[in-house]
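What follows is one chain in structure tokens, specifically the form predicted alone.
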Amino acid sequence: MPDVQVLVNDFLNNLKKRKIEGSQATARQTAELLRSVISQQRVSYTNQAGALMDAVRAVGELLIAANPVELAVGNIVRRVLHIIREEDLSLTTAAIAGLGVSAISDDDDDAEHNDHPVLSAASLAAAARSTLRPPSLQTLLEDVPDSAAVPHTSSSGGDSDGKSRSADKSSRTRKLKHDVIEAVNELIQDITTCHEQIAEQAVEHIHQNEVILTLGSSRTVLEFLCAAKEKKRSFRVFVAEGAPRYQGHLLAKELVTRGLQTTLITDSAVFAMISRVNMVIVGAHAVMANGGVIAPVGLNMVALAAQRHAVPFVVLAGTHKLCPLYPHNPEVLLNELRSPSELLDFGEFSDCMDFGNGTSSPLLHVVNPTFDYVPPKLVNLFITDTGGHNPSYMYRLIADYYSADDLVVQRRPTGS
């Protein structure tokens, strides 16, 4: 198995050089890397979840800094941290509940121990709530009064009980890592199949003889439209070309290849054509906690046109694109500027330079943003791999996947 640090460095280089295209590929590779980090992380039986989370935070902080605008990286880091919390809580609750049941069973079997206290419901609840904080489960178990444990009949019996407890600790450590890795595997599977899960809902939203408008290129949108076609729905698709990268040309070609009636239009023609459209269906780069959408540049204009003509604006997004942050959070980078060469070749750009004043500073500046921000008031429906949701519900859906303590991913300072 390759060294995990080598894997981390390779992935960091790919993120910095923007070699990974698309949020799905980025999310899947991030989850696979964190799975390797967890698998190779050595932890003791004390504060196992804390050790795993510190390792994930250390790597996650580097990954997020390598490409801050790719929010899927931070989403997956936070999802994995939430998984560790959930699995540790589950194991802790089960262990403490088992301890309480054992104590009650001892009371039933041995009448002479009726005066021995057992853990109360309040104690169990408090222990479960503090599962990731000091005192750890080990401390909690060691603080249980001797009378609540199985009575020692002899010194040899005590030695045997100590060995058994040590074996239980080691077993629980392996169990936690195993459960976390299994949960991460399920996350990777969900990311891989999100297109299919979303596409299965297409027949519920696209109807006969409708006209659908989209912009740019999105695999999620492609599979969604093709799934409706396979269900014998007959409809037409208007594709805005998505300048300056013209990704809409690729989508239009793929739709025609799969037998869909397609019309390619310029971005500036959206307002002119929107009155003939029944529904706008687009992909997203990220969905923020307030229901706002970070999407390819030009989609805010499309959303405004749809609102003006009362055309439903539908956003398709896998759950790995759901971000627990708000657009105003300082750690959120909403945009980045692409090369001016996508708009002008360098020959044209140099001709606009004013060399007469001796400063060689250009009079022409080229701004080429990558993304638009679409506010939630312009979105009518989100369709994720878990179903359709209103923008006002997105914060609740996002809360199911993340922990509030993990919104800012950074390594905790070591104690003195």
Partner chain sequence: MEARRPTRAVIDPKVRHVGFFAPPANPLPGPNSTLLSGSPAGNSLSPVMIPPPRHPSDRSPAVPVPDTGLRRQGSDHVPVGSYNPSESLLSSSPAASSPSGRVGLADGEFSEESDGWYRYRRSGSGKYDLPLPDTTPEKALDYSAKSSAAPVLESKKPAHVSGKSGKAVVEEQNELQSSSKRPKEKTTKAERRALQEAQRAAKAAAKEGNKSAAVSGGGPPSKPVKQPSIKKDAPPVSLSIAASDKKGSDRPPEKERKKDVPPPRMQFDDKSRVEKAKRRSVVHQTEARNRVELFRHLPQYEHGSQLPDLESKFFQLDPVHPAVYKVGLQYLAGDITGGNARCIAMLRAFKEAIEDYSTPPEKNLARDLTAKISSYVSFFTECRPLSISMGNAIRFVKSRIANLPLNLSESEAKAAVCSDIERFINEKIILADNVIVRHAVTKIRDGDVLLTYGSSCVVEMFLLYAHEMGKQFRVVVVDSRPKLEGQALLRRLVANGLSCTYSHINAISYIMHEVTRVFLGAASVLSNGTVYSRVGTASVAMVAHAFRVPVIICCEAYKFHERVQLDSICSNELGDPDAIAKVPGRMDVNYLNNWSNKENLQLLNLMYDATPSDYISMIITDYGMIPTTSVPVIVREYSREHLFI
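Owing to the predicted nature of the structure, the values given are computational and were not obtained by experimental measurement. Numbering follows the first chain given and starts at 1.
From this point on, the text means the form predicted in complex with its partner chain, which you will not see here.
- At a distance of at most 4.5 angstroms from its partner chain in the model of the complex, none of the three residues 22, 52 and 68 contributes a non-hydrogen atom.
- Taking the partner from elsewhere, residue 259 is found to have a heavy atom lying within 4.5 Å of its partner chain in the model of the complex.
- Proximity of residue 310 to its partner chain in the model of the complex falls outside the 4.5 Å heavy atom cutoff.
- Though the partner is left out of this view, residue 241 does reach within 4.5 Å of its partner chain in the model of the complex, counting heavy atoms only.
- Contact check for residue 342: a non-hydrogen atom falls within 4.5 Å of its partner chain in the model of the complex.
- This chain lacks the partner; the member of 207, 249, 219, 178 within 4.5 angstroms of its partner chain in the model of the complex by a non-hydrogen atom is 249.
- Only one of 314, 305, 184, 202 lies close to its partner chain in the model of the complex, with a heavy atom inside 4.5 Å, and it is 305.
- Partner proximity in the model of the complex, defined as non-hydrogen atoms within 4.5 angstroms of its partner chain, places exactly one of 191 to 199, 80 to 88, 291 to 299, 316 to 324 at the interface: 291 to 299.
- Residues of 252 to 272 placing a heavy atom within 4.5 Å of its partner chain in the model of the complex, in sequence order: 252, 253, 256, 259, 260, 261, 262, 263, 264, 265, 266, 267, 268, 269, 271, 272.
- Relative to this form, residue 331 and residue 77 separate from one another in the model of the complex, with their C-alpha atoms ending up at least 3 Å farther apart.
- Relative to this form, residue 377 and residue 331 approach one another in the model of the complex, with their C-alpha atoms ending up at least 3 Å closer.
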